[in-house]
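What follows is one chain in structure tokens, specifically the form predicted alone.
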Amino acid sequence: MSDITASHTLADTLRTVAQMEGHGEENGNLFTELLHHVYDSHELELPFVGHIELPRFEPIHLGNLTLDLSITKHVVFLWLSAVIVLLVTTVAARMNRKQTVPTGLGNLVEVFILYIRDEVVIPNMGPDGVRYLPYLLTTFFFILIMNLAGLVPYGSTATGNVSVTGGLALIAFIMIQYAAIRSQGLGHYLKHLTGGVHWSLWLIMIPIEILGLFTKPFALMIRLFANMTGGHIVIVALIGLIFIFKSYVITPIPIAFVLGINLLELFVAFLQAYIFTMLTSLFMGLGMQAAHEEGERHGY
């Protein structure tokens, strides 16, 4: 079953409404038709072209595990977002290298870079955290572009797919542990899993500490997925009011609310990219600060 996703846009919704009005009862269940736009799919819908079928591959069976590596709409927009991030940052870097005072795109990108460095990385991780700035900047811009892609007509929000947010959370988990081990050393890192309690309590404390390591990235995964999906579900519900009341009289009210939700989604796209980056840097900083506290305790 496909994951519920945030591929829905205002233009998509209105287009679906028009199709449903033209076909009447042939479209079956109202909400089934509307929710079609918040599911992942194996086809792209392009203006003046129509529907394009994406390649499908035979599933890979590994014991009881089945992996379907077929290309879906979210995969396409995930790749597209990666290409956009690469192109924009490369062009901005070249522009800033040639100009003493950044202007245009170079200036815009530099604003985000300086903000993430000065207001997110250094306060949460200290000066040593600057070495992780490239990873955190890549995370921020990548999530931001994926979020914004769903607000474009015919677009799709890949971060509305729990598999995508799960992948981002897995990378964040690896970076969080790497930063802690690099700062504390492997021995102190493993010792920290005991919680500093008597050895007789290790059987209880160690599983709890290990579970705590996974709850942080799990929260990152669900928060991003839920926030990028919720707004689109609200849009579907508001458009559905037109058909529930079966009257054009109330149409301006849902449409006005839908426009408001779309503007709110624009703000949420930036907010969620910031929150994911900020919390990742915070979790990395906690492990790094533990090393500094241990050093101060021993007087070095």
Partner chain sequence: MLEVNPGLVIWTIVTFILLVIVLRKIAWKPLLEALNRREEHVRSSLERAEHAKQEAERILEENRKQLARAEAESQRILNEGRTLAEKLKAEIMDKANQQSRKVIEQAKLEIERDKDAALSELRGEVVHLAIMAAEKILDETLDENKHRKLIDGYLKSLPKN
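Since this is a predicted model, take the numbers as computed values, not measurements. Residue numbers count along the first chain shown, from 1.
The form predicted together with its partner chain exists for this protein as well; it is not shown, and the discussion that follows is about that form.
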> So which of Leu144, Leu151, Val85, Leu213 reaches within 4.5 angstroms of its partner chain in the predicted complex, heavy atom to heavy atom?
Replying inline: Val85
> Which of Gly196, Pro127, Gly187, Pro134 has a heavy atom within 4.5 Å of its partner chain in the predicted complex?
Replying inline: Pro134
> Should Arg117 be classed as touching its partner chain in the predicted complex when contacts are defined as heavy atoms within 4.5 Å?
Replying inline: yes
> Hey, in the predicted complex, is Trp202 touching its partner chain, heavy atoms inside 4.5 Å?
Replying inline: no
>> Quick check on Asp68: any heavy atom within 4.5 Å of its partner chain in the predicted complex?
In response: yes
> Does at least one non-hydrogen atom of Ile233 fall within 4.5 angstroms of its partner chain in the predicted complex?
Replying inline: yes
>> Need the contact residues for 86 to 100: heavy atom within 4.5 Å of its partner chain in the predicted complex, sequence order, or none if there are none.
In response: Leu86, Thr89, Thr90, Ala92, Ala93, Asn96, Arg97, Thr100
